[in-house]
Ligand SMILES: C[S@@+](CC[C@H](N)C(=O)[O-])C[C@H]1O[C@@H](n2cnc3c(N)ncnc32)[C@H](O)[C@@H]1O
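Single chain ahead, written as structure tokens, the form predicted alone.
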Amino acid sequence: MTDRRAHWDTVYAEKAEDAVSWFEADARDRVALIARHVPDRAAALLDVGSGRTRLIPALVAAGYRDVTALDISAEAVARAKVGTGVGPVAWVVADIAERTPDRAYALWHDRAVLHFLTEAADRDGYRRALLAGTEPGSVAILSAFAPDGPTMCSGLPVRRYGQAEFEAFLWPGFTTRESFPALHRTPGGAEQRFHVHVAWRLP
């Protein structure tokens, strides 16, 4: 965990918000996806790997009143707090591969953490956290580089996912609600192919 944390602290300390490849200036599409599956504004939401994403303030602006932002990097969380201001947000610094949530959430959202976990032990830790942090009826929205997407990000290798890979990772315990490819354009103009998977926690 120490090496991972040091890596991400360095990234967020040295790079501007819009200088990282995963920067997304407009979070409206992601908020719409979340709202479609979890419309209750009082529902508890967890954003894993929140970084300095603009999703958190966008969720607050959309009326969500119980939002938890989790990231491995204390540097990212500190900077995100300044950008977001006050609001119904709990800020957590933790490695999700090693941290078990102490409550269940109606939504588990991960835009691009899982694909960095290339070791089986880390994926097992993530899955334990996912099961502890959800309950029957909870929704998990996971995004990762697609099978035809990049093999590296931020100098690190990644594990790529399509619908079949997500379903294998989530089985048993979850059933697919929707699964689709997505295209992200980096601030530098490059195109990155992602896959987005939405699943429901079974009783």
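The first residue of the sequence shown is number 1, and the count goes up from there. For clarity, every value in this text was computed on a predicted model and none was experimentally measured.
The same protein also exists as the form predicted together with the ligand; that form is not shown, yet it is the one meant from here on.
Put simply, of Val38, Leu70, Ala27, Ala146 only one has a heavy atom within 4.5 Å of the ligand in the model of the complex, and it is Leu70.
By the criterion of a heavy atom within 4.5 Å, Ile96 is counted among the residues contacting the ligand in the model of the complex. Contact annotation for Val113: at least one heavy atom lies within 4.5 Å of the ligand in the model of the complex. The closest non-hydrogen atom of Ala43 lies beyond 4.5 Å of the ligand in the model of the complex.
At the 4.5 Å threshold, heavy atoms of Cys153 reach the ligand in the model of the complex. Annotation: in the model of the complex, residues Trp108, Gly133 and Trp200 none come within 4.5 Å of the ligand through any heavy atom.
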